[in-house]
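Only one chain is given next, in structure tokens, and it is the form predicted on its own.
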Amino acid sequence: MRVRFAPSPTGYLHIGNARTAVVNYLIARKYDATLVLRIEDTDLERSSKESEESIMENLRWLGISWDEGPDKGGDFGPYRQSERLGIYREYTDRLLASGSAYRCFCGKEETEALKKEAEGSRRAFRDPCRDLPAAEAERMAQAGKTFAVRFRVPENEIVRVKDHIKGTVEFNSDNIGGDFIIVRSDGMPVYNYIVIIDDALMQISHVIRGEDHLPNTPKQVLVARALGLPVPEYTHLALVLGPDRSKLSKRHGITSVVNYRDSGYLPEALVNYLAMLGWAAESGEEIFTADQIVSQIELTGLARSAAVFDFQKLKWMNGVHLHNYAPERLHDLFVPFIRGAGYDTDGIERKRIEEIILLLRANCELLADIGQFAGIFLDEVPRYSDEASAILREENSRKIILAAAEAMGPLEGDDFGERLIAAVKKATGAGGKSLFYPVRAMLTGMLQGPDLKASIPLIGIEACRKRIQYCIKAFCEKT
């Protein structure tokens, strides 16, 4: 069994393509298959080396490895389509020689006009160059006249595509849209032509790709028949839709893997969620490692209906994976995001950073969330939120601030926080939210966050003193 992931390097790795890569990778591991990475870069204007490298980097970040590809080599290369143009020319010559393809000298505007005329007359479009004698076409080509190459679609022929999800899908060749271009006038072959050649020559046994490619499949099968090439088994994955059930796009939210990475998503969570878009465990469980998915997933068990991309569910799933991480792994995960929030961690003892991270993990669904709370421990005086400031201006809060200032004087030791709260409660008679909201606001600058009793010792006694004095000046003194 040989499968492939074949991205076009025209931008970042899109989340829909990442889902296809994830499924190919998991299925390859399930069946001990070979996974081939093929770069489909015949769109020379939009393709770039930077995009290719970015796609590979993000695949590796997701934990996806491949057995053959442009960076690894293999027995069936080259693995970039731009390096296989000589191969495609040989097959084009074979199609022209057999009459399965022909040169079309009509310009784009002329062809469009003829199509409109055919539509107006309610008849099928027929390219005028289809019946041009081969000798005449050869003479015109030798004379330098520009041409594209079209595949001669047989009339009223049934093309059956066996699909592991959809079963057998039938297409009538008359509904394909007429003779389609396989080589553009600039000499560059098109996707629907060369993809089946590559799949055959690379001995791809199973093509797993998005459902949007299904309408292209009969064209590819017809090309394979004309060239005497084997046709792989197909699995067309149901589409991934946005919350409004239209095709997932940028307007729905983050759609590129690099943005998820930069926002603090974990690769394990993204692989878990992408696998669940079109597959479900019999147990109903949703949180899995890649190994656990491999042990349960089946090619024939993938969903037939489209999946809606739920951004909130992905975030929740990321939080679960994050909370399952071993504590010793958290430092290296979170520190780049603490630095990204503007804090220099080099001068801070590693043990203190680890204690802060371990406490804040419960408040983070994403790694980047730590930036919202890091200031509680790393700023001398935190940035007070509007909500915290409003609470601290209330008369009850002023009493608590002044009582805290008086109580802090003689306090020392690791348990100073508990004794501080007890002293303020005794002095003011406040309790519940009327006590803890003002104390939290005073010491952390916000009304929500990590456990207060665990936070106060990490803030430190001197920082607490400074914050209480700041609150006296900011919220208690008359201006």
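Bear in mind that the values here come from a model prediction, so they are computed numbers and not experimental data. Note that residue numbering follows the sequence shown and begins at 1.
Below, we refer to the form predicted in complex with a small molecule, which is not included among the displayed structures.
inquiry  = Can you work out which of Y102, Y343, F337, Y191 has a heavy atom no more than 4.5 Å from the small molecule in the predicted bound form?
reply    = Partner contact (heavy atom, 4.5 Å) among the options: Y191.
query = Of V223, A388, V195, L274, which one comes within 4.5 Å of the small molecule in the predicted bound form, counting heavy atoms only?
reply = When the small molecule is considered in the predicted bound form, the option within 4.5 Å is V195.
query = Any idea which of 207-215, 401-409, 280-288, 353-361 reaches within 4.5 Å of the small molecule in the predicted bound form, heavy atoms considered?
reply = Of the stretches listed, the one contacting the partner is 207-215.
inquiry  = Residue-level question: is E40 within 4.5 Å of the small molecule in the predicted bound form, judged on heavy atoms?
reply    = Taking the distances in the predicted bound form, the answer for E40 is yes, it comes within 4.5 Å of the small molecule.
Interface membership of V3, the small molecule in the predicted bound form, 4.5 Å heavy atom rule = Although the small molecule is absent here, V3 would stay clear of it in the predicted bound form, with no heavy atoms inside 4.5 Å.
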